[in-house]
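Only one chain is included here, represented as structure tokens and corresponding to the form predicted on its own.
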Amino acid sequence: MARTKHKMGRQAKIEERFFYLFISPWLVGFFIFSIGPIIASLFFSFSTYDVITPPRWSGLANYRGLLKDDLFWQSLKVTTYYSIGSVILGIVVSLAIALLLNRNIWGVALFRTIFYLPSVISGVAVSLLWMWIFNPDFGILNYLLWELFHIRGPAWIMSQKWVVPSLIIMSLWSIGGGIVIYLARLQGIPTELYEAAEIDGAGPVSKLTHITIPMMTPVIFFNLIMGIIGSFQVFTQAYVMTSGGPHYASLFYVLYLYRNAFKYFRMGYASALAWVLFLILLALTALVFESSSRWVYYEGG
């Protein structure tokens, strides 16, 4: 018996060594390319650093500079506006489409594929496509508005008023991932709940509001968190389509961070921007988690 335990202990040690051996490439990459840059950026955020010369400690100067920076507040305002619009619109539209695609009709698998496919196309290609769609002179959107409704469309991304709403509309292009998640949850709702509701005389609207939506709240909660995080990190659309214009109307936060880091080489200031963004996302995520107990329902909860 003692010999068997000794063999098992020796085997466990061998397996442990092999475990650390096989995981070591990931550990090395994680510490060098993730933890290392994070710690370095925290140090740079308290220093003046232009890449060429060594960083000089400046304390809270970068953070005090943010409070006086009009473009910082403009980028925060633009990003917040976009986040509210794109997250709410994305959740509502993707959930509505998922409800339609959850029906047992002919060709539903094809429609599911069609709605999901756009979300796998790269951001630059999508941005170039939507630049053509939003073109005020020969874009297809203004052409359809005029031909079908005789409405003269706005200048879209070339207008200070319409540029952010245009990008919010464009955000619907990537709702395919959310639709798939909603579909998976819809198909996991017990049919017994609907059968019991029908026996009690509930109609389609009552079943939707009292069964479907409450049972979908855990998935809505997940997509809300991911949507907020993703919307505050918008970069490609603004960089490719508008370059922050016109007149800083689409100066997103991450675009402003990028300019400070790689155009003006103010790495310390850009690091401070990055840490402020981290704190904003941390606070928003904590707020949503705190509110979840009042509107998220779990089976058996």
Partner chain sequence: MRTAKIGRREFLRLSAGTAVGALLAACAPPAAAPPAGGKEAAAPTAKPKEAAKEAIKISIMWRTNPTENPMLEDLIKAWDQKDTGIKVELIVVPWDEYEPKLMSMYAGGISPDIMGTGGTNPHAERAVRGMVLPLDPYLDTDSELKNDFYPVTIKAYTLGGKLIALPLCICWPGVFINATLFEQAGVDLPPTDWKGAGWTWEDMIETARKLTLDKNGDGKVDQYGLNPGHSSPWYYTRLWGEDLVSQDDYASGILHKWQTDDPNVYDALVAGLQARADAIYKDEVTPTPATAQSLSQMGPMLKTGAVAMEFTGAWAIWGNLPEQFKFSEAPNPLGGADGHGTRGNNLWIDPLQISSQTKHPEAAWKFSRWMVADTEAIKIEVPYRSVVPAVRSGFPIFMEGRGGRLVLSKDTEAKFIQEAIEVATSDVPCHILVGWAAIRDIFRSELEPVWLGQKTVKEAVDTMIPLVQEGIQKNLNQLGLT
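Throughout, rigid core stands for the largest set of C-alpha atoms superposing within 1.5 Å between the two forms. Numbering follows the first chain given and starts at 1. This one's a predicted model, so the numbers in the text were calculated from it and none came from an experiment.
As for the form predicted in complex with its partner chain, it is not shown, yet the points below apply to it.
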{"query": "The single option of Ile39, Leu60, Leu67, Val51 touching its partner chain in the predicted complex, heavy atom within 4.5 Å", "finding": "Val51"}
{"query": "In the predicted complex, Met131 touching its partner chain (heavy atom, 4.5 Å)", "finding": "yes"}
{"query": "4.5 Å heavy atom contact, Phe31 and its partner chain in the predicted complex", "finding": "no"}
{"query": "4.5 angstroms heavy atom contact with its partner chain in the predicted complex for Gly9", "finding": "no"}
{"query": "Contact test in the predicted complex: Pro55 vs its partner chain, heavy atoms, 4.5 Å", "finding": "no"}
{"query": "Members of 150-172 lying within 4.5 angstroms of its partner chain, judged by heavy atom, in the predicted complex", "finding": "Ile157, Met158, Gln160"}
{"query": "Phe18 C-alpha moves between the shown form and the other one by 2 Å or more, core aligned", "finding": "yes"}
